[in-house]
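There is one chain below, alone, in structure tokens, taken in the form predicted on its own.
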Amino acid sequence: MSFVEYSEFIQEGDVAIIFLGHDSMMPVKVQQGAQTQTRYGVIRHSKDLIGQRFGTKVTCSKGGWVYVLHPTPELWTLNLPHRTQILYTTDIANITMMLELKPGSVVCESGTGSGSLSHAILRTIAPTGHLHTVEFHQQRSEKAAEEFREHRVGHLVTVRNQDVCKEGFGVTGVADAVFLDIPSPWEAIQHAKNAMKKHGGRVCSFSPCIEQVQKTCEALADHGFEEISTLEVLLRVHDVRSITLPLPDFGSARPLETPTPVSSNNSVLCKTTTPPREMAGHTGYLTFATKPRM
């Protein structure tokens, strides 16, 4: 099992996603002799998981069933242990596209945090790219490195425990793209520029406050970056449901005719969408810029 390569069968040591429903999932590390308790009963790893295909429907001890899914960056984002606030799929999709990431890209990232974006980047740049990720907090950096090894993507990433605003990314002239998710990104713009290749590249900064965006844009302009733009991504999910509507009575075709009463059974079943009464609002501002060729 690897987060960047699909495996057909579940093996000991794999991470699998137990799918109980769209709003109920959990990651498990598959181990010989281990058990996982769910509301539908116990899943026995040796019997129910090891050797089975990913995607298998597993019957639990109480008779209920779950699906065992292959891990992906999208599923991991929904199930990972939160060590920090994380980025979700809506922002991640725009970041990977706007940074023009592709297989073979070299990317610098700060900070690593819980690794939500990191896994999406690694899947995009595999098999020949590399991610240099910097985390200020020592325990978080150690845990992130451990997860990358466990998910079998360790060969694609280098984790550094340092202050990117003071020490940079630890590399010079190698990055095609740089991503910043730190409190004061404007202090790391020079380091981002130094880490990028001479032929240029793209940089993205994620900030929750507009004051951070203003300072970052000023720093990007001062350091010669071009095509500076800021956007905000809002997701609005519509609920699809079936409703019954009465057929309208348009009256008689001839005005002098007595109208025929319409039976209450004259109705039609149709599909419709309903916008949510409440929706997730602001997550953060994404600021993008381009480093020109030198």
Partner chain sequence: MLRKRRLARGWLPSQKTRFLMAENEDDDSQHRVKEGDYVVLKRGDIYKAVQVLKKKKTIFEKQWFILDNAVGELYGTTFEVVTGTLQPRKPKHIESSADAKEAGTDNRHILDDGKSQKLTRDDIETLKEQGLKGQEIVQQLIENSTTFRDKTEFAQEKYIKKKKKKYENSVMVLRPSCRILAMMYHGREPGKICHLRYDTLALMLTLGNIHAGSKVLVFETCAGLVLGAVMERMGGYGSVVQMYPGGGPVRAGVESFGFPSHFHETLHDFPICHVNALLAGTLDTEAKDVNPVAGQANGDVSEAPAPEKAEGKEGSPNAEEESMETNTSTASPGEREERDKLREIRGQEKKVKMEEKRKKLAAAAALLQGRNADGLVIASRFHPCPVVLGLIKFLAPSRPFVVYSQYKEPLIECYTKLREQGGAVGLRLTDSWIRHYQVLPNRTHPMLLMSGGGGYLLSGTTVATETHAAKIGPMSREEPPAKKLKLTEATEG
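Because the structure is a prediction, the values reported are computed rather than measured. Positions refer to the first chain, counted from 1. The term rigid core refers to the maximal set of C-alpha atoms that superpose within 1.5 Å between the two forms.
Note that the form predicted in complex with the partner chain isn't included here; everything after this is about it.
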Can you pick out, from 136, 76, 169, 148, the residue that has a heavy atom within 4.5 Å of the partner chain in the predicted complex? 136
Would you classify residue 72 as touching the partner chain in the predicted complex, given a 4.5 Å non-hydrogen atom cut-off? yes
According to a 4.5 angstroms non-hydrogen atom cut-off, is residue 236 in contact with the partner chain in the predicted complex? yes
Would you classify residue 144 as touching the partner chain in the predicted complex, given a 4.5 Å non-hydrogen atom cut-off? no
Classify residue 231 as contacting or not contacting the partner chain in the predicted complex by the rule of any non-hydrogen atom within 4.5 angstroms, answering yes or no. yes
Residues from 200-234 in contact with the partner chain (non-hydrogen atom within 4.5 Å) in the predicted complex: 202, 208, 209, 210, 211, 212, 213, 214, 215, 217, 218, 222, 223, 224, 226, 227, 229, 230, 231, 232, 233, 234
Is there a C-alpha shift of 2 Å or more at residue 275 between this form and the one not shown once the rigid core is superposed? yes
